[in-house]
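The chain below stands alone and is given in structure tokens; this is the form predicted on its own.
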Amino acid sequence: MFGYVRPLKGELKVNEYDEYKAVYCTLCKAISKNYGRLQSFFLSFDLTFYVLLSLNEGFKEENKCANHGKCIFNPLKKCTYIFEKEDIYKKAAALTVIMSYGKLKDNLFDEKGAKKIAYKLLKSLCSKAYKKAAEDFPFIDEAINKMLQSQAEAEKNNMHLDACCEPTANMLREICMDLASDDMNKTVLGTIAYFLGRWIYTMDAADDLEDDLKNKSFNPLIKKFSLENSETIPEEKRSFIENECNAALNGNISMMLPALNLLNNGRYSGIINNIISLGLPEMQREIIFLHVTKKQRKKEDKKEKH
């Protein structure tokens, strides 16, 4: 996915931050174990949130186990691995592989020249892992392929922002509802996932707006703000566009909060609340108002991850 869904670290309790890192590291290890080390490079914070939702639903204290080991990327770094036997890690690993493969196909279609050749090579290297993940969890593969087809259709027809958000929102709702233990929790998780999907798509569109204007690429915000004849965001419109994007994103968060209040009060409720109530707004602030670039975020993420 995109790495937007993460906690506000400064507001986590010490034990919450330690457990968040442990879940992240365990997922990284599960991806490498089940689908190859190359696939671990596609791990994002978004998938850690997916694991937290599942573990929060079905956590049993007696099943808790933790062990310390070396990071698979940095032998000098020690990691804590927890709940390694939980099936959710393999499912999240498959989700990572299938989604990243779909993103590679999308990039291959959009890019030209050397980048297109690079994506073609990477797609070839990832095809075996993708096939295995799709065989392990066919319903995830079906949901993501349906999303990619609907997304391509919406973009081809230059649809408005709401329509372009729907494929991602519906896919996440379907996949997260599968984590629920009963009908009530299906509704709760489905609502959180649906509006989170809308938030992610809108956040990505806002993050890419400058680049898409420059490259003449599709972005629903270009149509929304009548920027078709612009190569950059006009300064006289910048403040208005920033505030409108922020308001749209806040609207999606506000729709998650009632469902969040109905979420099971499990082991990871505090971290999940932090991510939605604090982490998402902080990501909006960094990208929309502080203009922190993807390159800058990747640099910081690399320090934190490995």
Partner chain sequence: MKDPYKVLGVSQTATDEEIKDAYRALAKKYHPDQYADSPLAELADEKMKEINEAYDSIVAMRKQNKQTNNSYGGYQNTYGGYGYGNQNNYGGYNTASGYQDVRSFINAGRIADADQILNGVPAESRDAEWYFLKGSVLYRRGWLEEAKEHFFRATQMDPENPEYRNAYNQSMHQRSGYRGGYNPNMSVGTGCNSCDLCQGLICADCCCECMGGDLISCC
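Positions refer to the first chain, counted from 1. All values derive from a computational prediction rather than experimental measurement.
In what follows, reference is made to the form predicted in complex with its partner chain, a form of this protein that is not presented.
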property: Residue 160: touches its partner chain in the model of the complex, heavy atom cutoff 4.5 angstroms; result: yes
property: Contact flag, residue 248 vs its partner chain in the model of the complex, heavy atom cut 4.5 Å; result: yes
property: Contact flag, residue 257 vs its partner chain in the model of the complex, heavy atom cut 4.5 Å; result: yes
property: 4.5 Å heavy atom contact, residue 266 to its partner chain in the model of the complex; result: no
property: The unique member of 40, 252, 274, 48 whose heavy atoms fall within 4.5 Å of its partner chain in the model of the complex; result: 252
property: Answer option from 184, 117, 125, 152, heavy atom within 4.5 Å of its partner chain in the model of the complex; result: 184
property: Options 83-91, 68-76, 129-137, 185-193; stretch whose heavy atom lies within 4.5 Å of its partner chain in the model of the complex; result: 185-193
property: Three-residue site 166, 262 and 289 fully in contact with its partner chain in the model of the complex at 4.5 Å by heavy atom; result: yes
property: Residues within stretch 212-244 having a non-hydrogen atom within 4.5 Å of its partner chain in the model of the complex; result: 224, 243, 244
